[in-house]
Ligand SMILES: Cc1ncc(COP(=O)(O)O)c(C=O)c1O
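In structure tokens, one chain follows: the form predicted on its own.
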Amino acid sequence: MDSNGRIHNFGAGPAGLPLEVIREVSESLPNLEGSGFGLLEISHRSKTFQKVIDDAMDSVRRVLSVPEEYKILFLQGGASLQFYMTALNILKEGEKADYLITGGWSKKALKEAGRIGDAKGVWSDELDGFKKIPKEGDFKIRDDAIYVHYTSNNTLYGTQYQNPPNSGGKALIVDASSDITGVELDISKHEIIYAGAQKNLGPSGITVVILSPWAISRIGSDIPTMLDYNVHIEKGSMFNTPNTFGIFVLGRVFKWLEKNGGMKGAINRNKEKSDLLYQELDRTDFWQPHADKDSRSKMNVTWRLNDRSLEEIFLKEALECGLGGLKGHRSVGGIRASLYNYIKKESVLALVNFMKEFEEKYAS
């Protein structure tokens, strides 16, 4: 555990938050910015909360270098709703969209888009167990596809795009839920970027959606009100009562990022952390990293033990040593360490030291 008695939280989400942000939230619960209203009680129609949401959007725009002509939305429903909502707003009847399938989340995105149009998976690594990201020339985009969708980071299997895929000039849509603000992301190369907040951006219940002018121009005219991007743009993300608590915390997380070197600082820290862990995994065949080396994620490191019978013992003893959230996703198994922006180098060092001791104890 750290000096505050908090566990080293390697969970995939809802993930940890900076202690500084948690303290700010705590102080705002009884009285938000001198308004007399508590954070959980403030009206979303008040001037106090309007400033909260405006400041949060301004911080998102600065940290991510969002072009002025792009719109930022704070929505609900998570990335899972965006799987459907993106296609619903962008695709017209009979139109095509191509999907790159690198794991469970991109499979779900494809399924939802198939309810709207001709959505096709043009590349998949499922038969090989989702160990890699496609390389240039591995897939062919259909000539009449409207857009290409990809998932930037695979939380389940620990793979990640090192660069955006070549869409052949087609519009790019990305689910950036699990690595946004933690790795390079050129907003201007994408038409829609969406991300659930509960990994790198804040608590669960908020989804950041960023729309280009092209995406806005594609929005249809007969879309259910709550699923219509234009409605949320016109109402400033407050068509209905938004997650006021989540927006406040998200704004504070972005302020924390700005004070700690912005995206550049986060990217450098995340590389250092993941390098430390991968070096240990590659040091010995006691561990079996899942992802191919050129496809490895800096956010979610996944591996198995060579002796599978030791995995539950590993998880139990790790938790006893203050290392939590290491159990792999239920559909995959094994071990997973999520190294989101909040995770400090000291936590990774604690994990690596535990791994060395565990190997010495159990290696035959």
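Quantities reported herein were computed from a predicted structural model and do not represent experimental measurements. Numbers for residues come from their place in the sequence shown, where the first is 1.
The following text describes the form predicted together with this ligand, which does not appear among the structures shown.
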{"query": "Contact check for Thr302, Gly325 and Lys327 against this ligand in the predicted complex, heavy atom at 4.5 Å", "finding": "no"}
{"query": "Single option in Ser237, Asn89, Asn243, Gln198 placed near this ligand in the predicted complex, where near means a heavy atom within 4.5 Å", "finding": "Gln198"}
{"query": "Listed residue (Pro289, Gly168, Gly78, Gly265) with a non-hydrogen atom within 4.5 angstroms of this ligand in the predicted complex", "finding": "Gly78"}
{"query": "Stretch in contact in the predicted complex with this ligand, which is absent here, among 218-226, 149-157, 91-99, 280-288 (heavy atoms within 4.5 Å)", "finding": "149-157"}
{"query": "Partner contact for Phe83 in the predicted complex: this ligand, 4.5 angstroms, heavy atom", "finding": "yes"}
{"query": "4.5 Å heavy atom contact, Asp175 to this ligand in the predicted complex", "finding": "yes"}
{"query": "This ligand contact in the predicted complex: Phe74, any heavy atom under 4.5 Å", "finding": "no"}
{"query": "Close approach of Trp105 to this ligand in the predicted complex, 4.5 Å, heavy atom", "finding": "yes"}
